[in-house]
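In the form predicted alone, a lone chain appears below as structure tokens.
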């Protein structure tokens, strides 16, 4: 069976897993802080950042794309409610989404080496 390495940057742990394993299954075992709720791609709580190796992960399904879109909209709506440039800048820094590829841990399968982190 083919294997791949996944590093969880937040806990600095690298594991070797069978190809096809979902990120959520691994994150629970290594103690990563990728939060989750439904495990079915509906809630978007398990959104994480791909630090390296995006090409080695499964392609997002239509369900995942729709859920990510909803999550981004909710984040942007939260920024719109802020009333100063400083507050928006702080929120953007806190949410740390700029330039990051985000995925859902419950939907993303590993097909090769990668590095991931919670948002």
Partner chain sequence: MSVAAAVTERIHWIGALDPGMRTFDVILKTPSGTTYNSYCVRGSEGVAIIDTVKLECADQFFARLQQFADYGEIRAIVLNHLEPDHSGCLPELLRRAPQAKLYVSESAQLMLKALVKQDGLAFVPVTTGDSVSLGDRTLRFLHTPYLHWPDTQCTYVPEERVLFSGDVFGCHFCDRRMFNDAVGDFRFAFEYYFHHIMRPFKRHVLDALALIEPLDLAAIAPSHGPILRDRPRDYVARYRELATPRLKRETDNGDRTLIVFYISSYGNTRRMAEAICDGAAEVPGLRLSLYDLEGSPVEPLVDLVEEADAILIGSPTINGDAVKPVWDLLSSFAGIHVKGKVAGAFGSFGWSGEAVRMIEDRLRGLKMRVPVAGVKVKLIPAREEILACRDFGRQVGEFLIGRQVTREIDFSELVSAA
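The shown structure was predicted, so the numbers you read here are calculated from the model rather than taken from an experiment. Positions refer to the first chain, counted from 1.
A second form of this protein, the form predicted together with its partner chain, is not displayed here; the remarks below concern that form.
Mark residue 13 yes when one of its heavy atoms lies within 4.5 Å of a heavy atom of its partner chain in the model of the complex, and no otherwise. Although its partner chain is absent here, residue 13 would touch it in the model of the complex, with heavy atoms inside 4.5 Å.
Looking in the model of the complex, any heavy atom of residue 35 within 4.5 Å of its partner chain? The answer is yes: residue 35 has a heavy atom within 4.5 Å of its partner chain.
For residue 17, is any heavy atom within 4.5 Å of its partner chain in the model of the complex, or not? Within the cut-off, so yes.
Does the 4.5 Å heavy atom contact test between residue 109 and its partner chain in the model of the complex come out positive? Contact check for residue 109: no, nothing within 4.5 Å of its partner chain in the model of the complex.
Does each of 25, 28 and 31 have at least one heavy atom within 4.5 Å of its partner chain in the model of the complex? Judged in the model of the complex, 25, 28 and 31 all sit within 4.5 Å of its partner chain.
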